[in-house]
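Only one chain comes next, encoded as structure tokens, the form predicted alone.
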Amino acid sequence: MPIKTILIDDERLARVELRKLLGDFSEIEIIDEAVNADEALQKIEALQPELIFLDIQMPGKTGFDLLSELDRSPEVIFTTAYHEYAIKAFEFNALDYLTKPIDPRRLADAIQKLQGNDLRRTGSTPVLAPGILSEQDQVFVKDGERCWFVKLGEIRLFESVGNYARVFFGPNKPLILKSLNALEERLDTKVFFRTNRKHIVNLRMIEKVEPYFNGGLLLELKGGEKIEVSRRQTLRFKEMMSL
């Protein structure tokens, strides 16, 4: 079934360009457009779309104001020229955050993420099952005032730090308020492996494996980190990685 979609943007050319880009995705059915938050509110309530592409900065009310007025929100993909709204977009649990001009590849990623979600409808409103995140999923990582929007497959390591987890990607190592156990429940076990009580590693980021103390293993990751695989997990690791 096509995904009923409304485009919300005060700039006509932006709507025209987005409509053109979405023409490559047969699963997206654009049922209407809106030029401001008030018009969008009426159309969302009347048409009950499953997805909206939402500009943030519009005359009068912002895209955030619109979402605050909705009793039940469809899936949201933000479209904006401004990077600084990413943190707040995360607070609204956006499916994705695209900056203008929209990169067709990033749009394709967003649509793929939408397809990957298990959409279950209660009445006419989609409810997302938590599900397992794929390595292609884009995730927000927020640490204080800084935030990143990073593909899960680019994260090489999660490290437990009390009630927090340190996330290693590129040169960055921000802390997030999430336990390692909670993260493990959302990660694909074919890609991410719990090596010990404190670490989850991305199997694709392993550069070297060496025997280690007391029958365990020592992994060296692409970022240079050396992570011990506990003796209990070593057998499971060898089973997973052997032919």
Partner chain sequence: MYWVLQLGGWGTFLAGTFFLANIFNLEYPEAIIINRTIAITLTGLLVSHLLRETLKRARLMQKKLEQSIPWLLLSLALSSFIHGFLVLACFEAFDLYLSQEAIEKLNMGQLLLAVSLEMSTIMLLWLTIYCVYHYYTDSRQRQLDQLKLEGAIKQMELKTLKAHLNPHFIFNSLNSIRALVDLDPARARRAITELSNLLRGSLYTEQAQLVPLQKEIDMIRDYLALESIRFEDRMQVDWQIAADTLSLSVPPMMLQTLVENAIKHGIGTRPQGGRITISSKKLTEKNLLVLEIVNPGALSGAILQTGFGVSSTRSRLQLLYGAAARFEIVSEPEQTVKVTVSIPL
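What you see is a predicted model; the values in this text were computed from it and never measured. Positions refer to the first chain, counted from 1.
Missing here is the form predicted together with the partner chain; even so, the following discussion is about that form.
Legend entry - Proximity to the partner chain in the predicted complex, single hit among Ile102, Val141, Ile77, Leu152 (heavy atom within 4.5 Å): Of Ile102, Val141, Ile77, Leu152, the residue with a heavy atom within 4.5 Å of the partner chain in the predicted complex is Ile102.
Legend entry - Heavy atom within 4.5 Å of the partner chain in the predicted complex - residue from Ser68, Gln57, Ser179, Thr189: Of the candidates Ser68, Gln57, Ser179, Thr189, Gln57 is the one lying within 4.5 Å of the partner chain in the predicted complex.
Legend entry - Candidate stretches 43-51, 199-207, 59-67, 213-221 - the one whose heavy atoms come within 4.5 Å of the partner chain in the predicted complex: Looking at the other structure, the answer is 59-67.
Legend entry - Glu17, heavy atom within 4.5 angstroms of the partner chain in the predicted complex: Contact check for Glu17: yes, within 4.5 Å of the partner chain in the predicted complex.
Legend entry - in the predicted complex, Ala81 touching the partner chain (heavy atom, 4.5 Å): Yes, contact at 4.5 Å.
Inset, instruction - Verify the contact flag for Arg12: yes if a non-hydrogen atom of it lies within 4.5 Å of a non-hydrogen atom of the partner chain in the predicted complex, no if not. - result: Yes, Arg12 lies within 4.5 Å of the partner chain in the predicted complex.
Inset, instruction - Would you check, heavy atoms only and a 4.5 Å threshold, whether Leu21 touches the partner chain in the predicted complex? - result: Looking in the predicted complex, residue contacts with the partner chain include Leu21, since a heavy atom lies within 4.5 Å.
Legend entry - in the predicted complex, whether the C-alpha atoms of Pro174 and Ile56 sit closer or farther than here (change of 3 Å or more): Closer is correct, given that in the predicted complex the C-alpha spacing of Pro174 to Ile56 is reduced by at least 3 Å.
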